[in-house]
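In structure tokens, one chain follows: the form predicted on its own.
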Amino acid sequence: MKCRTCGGKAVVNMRQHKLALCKEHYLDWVPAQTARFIKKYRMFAPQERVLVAVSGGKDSLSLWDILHRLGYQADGLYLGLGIDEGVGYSAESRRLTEQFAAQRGLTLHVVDFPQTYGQNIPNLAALTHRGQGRPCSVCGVAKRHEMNRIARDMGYDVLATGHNLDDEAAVLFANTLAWSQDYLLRQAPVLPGHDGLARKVKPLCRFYEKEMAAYALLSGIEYIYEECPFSVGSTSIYYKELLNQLENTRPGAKLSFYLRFLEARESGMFNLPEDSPPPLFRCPTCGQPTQYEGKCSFCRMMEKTETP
């Protein structure tokens, strides 16, 4: 198969786009598409400071690499959660993230959660009896709190995450099955910031996971291949597998599913209250914004670990 641009040998064939590219032009195509998505969804301007949440995986490191190539003021944030089940997951992901930043001369902020708060995520889940043996809900609360805290305290304009199309389609599928309107309302390439909440963006939301894996491989980005050990058997992976079966027989199905949802969202199908977001309260302990009066979810969770 030949490259659509130069006629040379193609190394990536994207059936969903009816597009094949050689290495050189694929590594040009991905950043160009990313820049187009940033502009289309009005994610951030060139002069704004971007904080990229990096995990050591292919998506977040590729996103940081792309934003750096595009000339954005992008720094990284790594959250060490103390997830070292069997394979030393957190230690290895941190090593690869620090190596990536050092090789490119980029600024990386590291938050060691166990060192800062005295508990790793698995222990915190056990102490608070959340997650029923799977600490994902605790992990989500902790990551959202810390990402917003660092973005706010260090004066970043926007927080960028490496969610790809497969991630977004799986979440959309789950929320559509349950018709979880509150979650559907909040799913978008951009979540505006307000009342102390950082603006959150997903520049990779229209790239397939395979496309980002190809970008990382062709760019020579070394990343952690293992998934979080607690993600094994998760519902999100099950939904991804179902969508992959659909994609295999109907190339482009995932992208169409996601884009049609965004179009419906823009058309007002969900009656979005974007012009008047709900007012937020201020947590009296950490100062973070919260939906309810009193302490935020994170501080209430941490309070349960304190010995009487």
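This one's a predicted model, so the numbers in the text were calculated from it and none came from an experiment. Counting begins at 1, following the sequence as shown.
This protein has a second form, the form predicted together with a small molecule, left out of what is shown; the following refers to that one.
Taking a 4.5 Å heavy atom cutoff to the small molecule in the model of the complex, the contact residue among Leu77, Ala74, Ala170, Leu96 is Leu77.
None of Val50, Ala53, Cys283, Val30 but one reaches within 4.5 angstroms of the small molecule in the model of the complex through a heavy atom, and that residue is Ala53. Looking at the small molecule in the model of the complex, residues Leu185, Pro189 and Lys200 place no heavy atom within 4.5 Å of it. Under a 4.5 angstroms non-hydrogen atom cutoff, the small molecule in the model of the complex lacks His145 among its neighbouring residues. Residue contact check for Arg206: none of its heavy atoms lie within 4.5 Å of the small molecule in the model of the complex. The closest heavy atom approach of Ser60 to the small molecule in the model of the complex falls within 4.5 Å. When contacts are judged by a 4.5 Å heavy atom cut-off, Leu81 counts as touching the small molecule in the model of the complex.
Residues with any non-hydrogen atom within 4.5 angstroms of the small molecule in the model of the complex fall in just one of 208-216, 159-167, 191-199, 98-106: 159-167.
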